[in-house]
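Only one chain is shown below, in structure tokens, and it's the form predicted alone.
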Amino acid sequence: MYLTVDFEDKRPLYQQVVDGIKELIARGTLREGATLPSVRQVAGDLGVNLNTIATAYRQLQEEGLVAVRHGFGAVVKARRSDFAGQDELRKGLRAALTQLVLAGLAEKEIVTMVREELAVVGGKAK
């Protein structure tokens, strides 16, 4: 599993780990049933505190993306097809689009950027 953290990023380290694992799941790099590396291993690889990774794994579990069994590790669950929080997703998308508009990007540029990122996240990057 390839993850990185950016100590200059404004997001908390645990959130960067959560976002990175979500992206790996979305891309299909981490498939259902895949075992995540131990908290200790990820913390050591990234040079962060064990609690940071434990918090990230707990959040992923709360979101239904992984199942954590103490002593056995964390396993990726199936993609959620029962997700009812589309309104929350739409709010996040709207906030990101607002930032792009405020940055001065034209609609065509935004659409191109969204398509490129969707190709990356959807695992269809060239």
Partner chain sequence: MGSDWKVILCYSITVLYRLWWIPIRAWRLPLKNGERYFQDIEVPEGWHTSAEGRKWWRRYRATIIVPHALEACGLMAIALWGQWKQLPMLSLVAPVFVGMTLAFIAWWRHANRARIQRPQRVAVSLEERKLRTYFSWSLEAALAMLIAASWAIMAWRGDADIHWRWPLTLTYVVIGLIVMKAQVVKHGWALPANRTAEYQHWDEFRRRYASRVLDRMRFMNIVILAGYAAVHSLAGVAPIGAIRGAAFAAGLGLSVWMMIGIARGETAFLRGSARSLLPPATTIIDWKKGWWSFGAFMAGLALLMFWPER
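Numbering follows the first chain given and starts at 1. Treat the numbers as computed from the prediction; the structure is a model and nothing was measured.
What comes next is about the form predicted together with its partner chain, which does not appear here.
Worksheet item: in the predicted complex, does residue 37 have a heavy atom within 4.5 Å of its partner chain?
Response: Yes, residue 37 sits close enough to its partner chain in the predicted complex that at least one of its heavy atoms falls within 4.5 Å.
Practice prompt. Consider residue 41 of the chain shown here, and say whether it contacts its partner chain in the predicted complex, taking contact as heavy atoms within 4.5 Å.
Written response: The answer is yes: residue 41 has a heavy atom within 4.5 Å of its partner chain.
Worksheet item: in the predicted complex, does residue 47 have a heavy atom within 4.5 Å of its partner chain?
Response: Yes, residue 47 lies within 4.5 Å of its partner chain in the predicted complex.
Item to complete: Considering only heavy atoms, tell me if residue 60 and its partner chain come within 4.5 Å of each other in the predicted complex.
Response: No - in the predicted complex, heavy atoms of residue 60 and its partner chain never come within 4.5 Å of each other.
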